[in-house]
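For reference, the chain that follows is the form predicted on its own, supplied as structure tokens.
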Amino acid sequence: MTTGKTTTKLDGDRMSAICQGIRRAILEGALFPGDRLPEDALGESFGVSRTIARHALGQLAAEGLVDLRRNRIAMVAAPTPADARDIFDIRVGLEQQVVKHLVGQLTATQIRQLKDIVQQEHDARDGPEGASIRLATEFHIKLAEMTGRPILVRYVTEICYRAGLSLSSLGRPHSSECAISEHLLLIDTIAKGPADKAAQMMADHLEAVAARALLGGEGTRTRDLVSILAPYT
């Protein structure tokens, strides 16, 4: 017999799975800004109720990836180039705080975890642009998580997701090799210090990402949501 506590946990796990799937689809460019996200289609894609799908959309809206409109219409958020510039300006300050907390504190295990993500970036460099954006986002979120500071983790995670959406929707194709080499240098500098050098390196890295990739652009396509989300369920 399923208890109320077990049911609540299962619903939470299902909601997390939907969030993860939609998040990846957005960051990898499978879903575009302005794409509608109907609760019934999401429920069909992930095999859950509309209520769970609605809660997942609420979580993604809190992360800045989804806009919730009247009459329960949810759409992939559509950042403007000005939004993207603001996002990266805020991101620099937040991630410099991350670096200052981590300089000289990284354990061997943490360094290995970060380098594992960079290796995944390297392996994905010849694949879809979206995969590189997602992995780069995961690298920066992992750094924040290593600080063990919940408020900092929360805000860095949100700003990184918003930046990833901006890059996937407004960015121009570019080589990921620069980002990969910069991530390796960041790991080394954060591990050894000094703090001011590591903080400046983070700022320079994020500015370089914005300069390499951000470009105004618009485009809309009509596609079948269930088919788009199939690889992410």
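Throughout, we count residues from 1 along the sequence that is shown. What you see is a predicted model, and the numbers here were worked out from it, not measured in a lab.
There is another form of the same protein, the form predicted in complex with another copy of the chain; it is not shown, and what comes next is about it.
Comment: 49-57 is the region of 203-211, 29-37, 49-57, 181-189 lying near another copy of the chain in the model of the complex, near meaning a non-hydrogen atom within 4.5 Å. Each of D83, I87 and E158 comes within 4.5 Å of another copy of the chain in the model of the complex, counting any heavy atom. Another copy of the chain in the model of the complex is not approached by P128, whose heavy atoms all lie more than 4.5 angstroms from it. In the model of the complex, another copy of the chain lies farther than 4.5 Å from every heavy atom of I117. Among residues of the shown chain, V76 is not one whose heavy atoms approach another copy of the chain to within 4.5 Å in the model of the complex.
None of the heavy atoms of R134 is located within 4.5 Å of another copy of the chain in the model of the complex. A single residue from the set I141, L152, A124, V103 has any heavy atom within 4.5 angstroms of another copy of the chain in the model of the complex; that residue is L152.
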